[in-house]
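The chain below stands alone, shown as structure tokens; this is the form predicted on its own.
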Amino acid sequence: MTDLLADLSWTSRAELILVGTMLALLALAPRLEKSTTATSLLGVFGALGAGACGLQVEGLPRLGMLVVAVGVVVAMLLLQVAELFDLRQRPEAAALVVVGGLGALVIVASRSLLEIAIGVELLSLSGATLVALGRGQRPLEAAFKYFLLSAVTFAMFLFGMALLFLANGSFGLDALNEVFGPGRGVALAGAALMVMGLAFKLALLPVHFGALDAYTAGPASLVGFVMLASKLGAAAGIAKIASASGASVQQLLLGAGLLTIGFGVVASFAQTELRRLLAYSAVAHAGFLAIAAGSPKLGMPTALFYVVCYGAAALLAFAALAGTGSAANDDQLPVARLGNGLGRARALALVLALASLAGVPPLPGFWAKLAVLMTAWKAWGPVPTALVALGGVIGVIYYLRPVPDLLAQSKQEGPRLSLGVALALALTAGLVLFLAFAPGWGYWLANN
């Protein structure tokens, strides 16, 4: 047994730790439902174990393990205030969070299309179920739509895999290079279908609408993690497929990315509720990710660096909204009243998160968009780069609309924060500030 464990790679060990954590949460669920602290601690220990494995490796698996570890830890800290329909389901929710992290890690560390397919399915099932656990009817409707569209896009992915196997006789990622061989037409169609199958997880136009409802109606305590895990897995998978497929698929991603940025920016101006604003901004950010992932040579590190910067800000925003109740899900709540009742810490955290998402220098969002612009300039030239820059500049306007009211609310004392929320805010805010003043560390992590 010892020899068997010694032969395992650190990536496999991290995956086994996450699987063991998930099984322990489910097996002990009847006892853990009486103690949220024990549930959170078990999930945190599992995440830290996977993160420790990441320190022993290099390349994409290291980034995947560290990002998943941070995401799972934040979700576990917020578990106590998670807006669940039945609070006794917290152990199950924690297990689903771990499953989602496992799915993202499998995609990041994948070497074959079968591994990507397994990771996508894990992400789909965990994301849809986590949304469905929320209070009220809206989460159920959103989860059903998310699950249905996940099934349709996953079928597209599997069909693309079948076409690729028909053209090349292999499920290996290296086989995608054969799109320029005799089976070019069939293999290229397969690669395009697989990219579209992953586009839903990225919230890329035109398969974005299911993700919008999930990001809006799901429990705020868990949605941030769903967004991070989905974008991490989808960006890594798309970048791998695009880099092996060549110019045709990369040009497809460029066009889809530009259209997605335009749609996300225009639609965000019409939003009067913060959750929907964050959901539509996720669509716009998916456009930036698609352009980065579709760029030759530097596509993978740029896309993953963008995920790290975006994920830190998204986790901070949803940590600030965690436990705020149904007001955060009220479509009629105007922007002018978004800060009411949040309190000083939450309001300031939201200001920091929105500023980073907007790309205000020197916050991480600025460095992430700058990296995409530099990569796009080298790959596609001045015209696409100018369009990307224009979308980023215009997006600053809708991000800053709630800021004056949030700053006003930061002068008032709100409800007392629970320990978990306070720790989650401190961790995510610290990560955002660290990446603001040390962005090179994040890019080094993504580039190695």
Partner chain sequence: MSAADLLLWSFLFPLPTLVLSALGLPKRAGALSFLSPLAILVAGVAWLAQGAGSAKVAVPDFVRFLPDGAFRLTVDPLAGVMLLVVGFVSTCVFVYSQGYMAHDERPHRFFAFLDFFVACMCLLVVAGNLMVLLIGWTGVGIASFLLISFWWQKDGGAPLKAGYLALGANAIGDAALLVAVVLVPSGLGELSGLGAIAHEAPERATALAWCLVIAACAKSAQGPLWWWLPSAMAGPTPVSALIHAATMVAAGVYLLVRTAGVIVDAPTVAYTTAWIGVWTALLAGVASLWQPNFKRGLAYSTVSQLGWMFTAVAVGAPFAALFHLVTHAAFKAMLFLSAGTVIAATHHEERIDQVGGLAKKLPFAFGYFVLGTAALIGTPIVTAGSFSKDAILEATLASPWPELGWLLLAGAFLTGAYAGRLLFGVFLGAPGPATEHAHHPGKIFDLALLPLAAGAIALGYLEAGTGALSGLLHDVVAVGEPVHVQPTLLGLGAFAIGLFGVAAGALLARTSTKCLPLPPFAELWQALWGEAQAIPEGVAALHTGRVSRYALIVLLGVAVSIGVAVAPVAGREAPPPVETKRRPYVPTDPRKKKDEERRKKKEQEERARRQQQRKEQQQEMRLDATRGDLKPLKAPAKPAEGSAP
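If you're wondering where the values come from, they're calculated on a predicted model, not measured in any experiment. Numbering follows the first chain given and starts at 1.
There is also a form predicted together with the partner chain; it is not shown, and the following applies to it.
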item	value
Sole residue of L84, A189, L298, L173 within 4.5 Å of the partner chain in the predicted complex, by heavy atom	A189
Single option in L55, V393, L419, L48 placed near the partner chain in the predicted complex, where near means a heavy atom within 4.5 Å	V393
Three-residue site V207, P361 and L407 fully in contact with the partner chain in the predicted complex at 4.5 Å by heavy atom	yes
Interface stretch in the predicted complex with the partner chain - options 66 to 74, 419 to 427, 28 to 36, 381 to 389, non-hydrogen atom within 4.5 Å	381 to 389
Contact flag, L342 vs the partner chain in the predicted complex, heavy atom cut 4.5 Å	no
Touches the partner chain in the predicted complex: K240 (any heavy atom, 4.5 Å)	no
Non-hydrogen atom contact L258 with the partner chain in the predicted complex at 4.5 angstroms	no
Touches the partner chain in the predicted complex: Q271 (any heavy atom, 4.5 Å)	yes
